[in-house]
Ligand SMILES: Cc1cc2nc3c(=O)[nH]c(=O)nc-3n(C[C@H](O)[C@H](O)[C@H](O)COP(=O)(O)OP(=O)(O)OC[C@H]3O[C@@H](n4cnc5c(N)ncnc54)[C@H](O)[C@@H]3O)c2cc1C
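In structure tokens, the next block holds one chain alone, the form predicted on its own.
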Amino acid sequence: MPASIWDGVSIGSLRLANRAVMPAMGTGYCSMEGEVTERLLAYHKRRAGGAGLIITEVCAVHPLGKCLALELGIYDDSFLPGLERLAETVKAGGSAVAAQIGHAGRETFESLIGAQPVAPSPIPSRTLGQVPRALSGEEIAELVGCHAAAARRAREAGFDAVEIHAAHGYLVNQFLSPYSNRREDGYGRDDAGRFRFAREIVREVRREVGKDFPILFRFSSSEMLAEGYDLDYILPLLVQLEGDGVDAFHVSCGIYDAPGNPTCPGMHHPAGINVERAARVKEAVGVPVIVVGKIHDPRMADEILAAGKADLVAFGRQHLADPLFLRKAAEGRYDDIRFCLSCNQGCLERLMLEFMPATCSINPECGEEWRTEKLKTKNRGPFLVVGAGPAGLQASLTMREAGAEVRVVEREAEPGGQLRACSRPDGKEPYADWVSWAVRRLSSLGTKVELGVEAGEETLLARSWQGVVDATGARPLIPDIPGARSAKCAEAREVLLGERDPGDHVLVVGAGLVGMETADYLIHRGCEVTVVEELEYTPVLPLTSHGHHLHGVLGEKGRLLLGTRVLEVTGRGALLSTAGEEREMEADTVVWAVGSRPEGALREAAERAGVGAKAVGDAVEPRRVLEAVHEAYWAAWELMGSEG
């Protein structure tokens, strides 16, 4: 009979209730000293009981091995009390728990750890650019011992297993790879030498924890860059590691230097990015294989397991978006699941690029469970929410889930606000799915979104509102230049929504996300596209997964002109200026994507009606979905006069 996600399974001596895994994901919820906090415990408590196995975020085996300022430590016995509480919390919730242990190697900053980063060779990563110091033989032996001591502490703290982090370009991965290991001693030179560090760690961990404590090994099945290794290179090591004592292999891919960062697959990566490589690993080894990588839907997991391509399936960011998704799936309530967008904005990018604790763009409670579980409603309304974009929908959901009375009105014929256009480029369809989920959720709570309703003074005076949420969004900016409002011009949203046919030759003005995504949308539909940007750079970072895709498409099939201003829209196209040199470019349509300005009409009407309005989302300032959703959540609680 084909395996199912709901079947039990064993990893070594550990029996799991099902084949779902919550993999290690950095949170930034621990203390500056690397200790477990109430915030981290509440986060895990909310998620325990769904997946058969929860693997903690990486715990540093050495003080110089941290990749984040807020990273758990397991390099000293002083961490044991907090780690014990963490293990107890997860197990009390109904899941088994493993501690992931690892060392960042060169993937950190000297300013963070207070010393020069270390690595097998003095080669900096392209991503961080930190020149590391090559480890000596004595230091390598010390770090092998540090991994073993960390595993011992994990067992003493009550964890059910330990996972060795050998993926994504961190220290063990650095030793494994010819890309980062150029040593000429016994820890380099050839495959056996490069494999030696990983094998010594596994053997020493096994010696330290005994035979009946499961060891998992997470690795990159391919580094996903030209100079890195592929699966054929790493497969022989896995067979050796199984003999050394590994009880399960956790198949990931990529390192942070890989183009588009497939370590945390973005919206343009395929779902189940590692499934076929996991299937080959399963053919090579005799212990369970866990597959991870943009798998959000348990139905997809069932297909993977039924096909025999893995033994367990890890759902990462889906656990951030909806902590209860497995319980909903077990009950067949798939329409109730809030599915991950694969946007990476709230989790990976917030943690690694903004240096802030992780969250989720569409789940404002992620990481705030220690606060939200104490909130209680004082004021149950009625409340008026004007606008059914992401901010308005989230404010309405927050109020209804708290038991407050809410009326939601939207002037457009469809809900979604900016997300209607935002979801049109290829890969961004999940944004529209989120809107549908939010509307369904509101309907299940007894609230319908009233469409085609313009909220004026009559609406504001219709009832004694206890508060109004202004989620009216923003209007696009059109520059004050000759011809800017001519028939030759269109606004980006008009094009994305199919309200304007831009023709074959299109000039997009603005290289922010809206402009770049509009260009991507048009290029995929066969248009010849040029993007011009007045700045000397584009605000869209090419090192993010989404940014890499957008720059790649535009670089291959379009044009990007930086430091270029549009002086005038002409009958043939537009007059451009680059470094003081003017020229006319022909275009069928000039598409404006140069920003937006918040609406102000509702606030003015509310003031005249004597009703207090709280602005959220783009009505405050045009920003991302993350800011709109989170701002709306907390504004709703403020209006309800939360206690706790």
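Numbering starts at 1 and runs along the sequence shown. In this text, all values refer to a predicted model and were calculated from it rather than measured experimentally.
Not pictured, yet referred to below: the form predicted together with the named molecule.
K.L.:
Let me test this: is every residue among Lys428, Val453 and Arg624 within 4.5 Å of the named molecule in the model of the complex, going by heavy atom positions?
P.N.:
All of them do, each having a heavy atom within 4.5 Å of the partner.
K.L.:
I'd like to know if Ala471 sits close to the named molecule in the model of the complex, meaning any non-hydrogen atom pair within 4.5 angstroms.
P.N.:
It does: once the named molecule is placed as it appears in the model of the complex, Ala471 has a heavy atom within 4.5 Å of it.
K.L.:
Spell out, yes or no, whether the shortest heavy atom distance between Ala20 and the named molecule in the model of the complex is within 4.5 Å.
P.N.:
Answer no; every heavy atom of Ala20 is more than 4.5 Å from the named molecule in the model of the complex.
K.L.:
At 4.5 Å between heavy atoms, is Ala278 in contact with the named molecule in the model of the complex?
P.N.:
Ala278: no, not in contact with the named molecule in the model of the complex.
K.L.:
Is there any non-hydrogen atom of Val616 lying within 4.5 Å of the named molecule in the model of the complex?
P.N.:
Yes, Val616 is a contact residue.
K.L.:
Only one of 147-155, 453-461, 126-134, 280-288 has heavy atoms within 4.5 Å of the named molecule in the model of the complex; I'd like to know which.
P.N.:
Among the candidates, contact is made by 453-461.
K.L.:
So which of Leu86, Ala104, Ala388, Ile201 reaches within 4.5 angstroms of the named molecule in the model of the complex, heavy atom to heavy atom?
P.N.:
Looking at Leu86, Ala104, Ala388, Ile201 one by one, just Ala388 meets the 4.5 Å heavy-atom criterion.
K.L.:
Just give me the single entry in Leu80, Ala484, Val409, Leu112 that has a non-hydrogen atom within 4.5 angstroms of the named molecule in the model of the complex.
P.N.:
For this set of options, the contacting one is Val409.
K.L.:
At a 4.5 angstroms cut-off on non-hydrogen atoms, which residues of 505-527 are near the named molecule in the model of the complex? List them in order.
P.N.:
Result: Leu513, Val514, Glu517.
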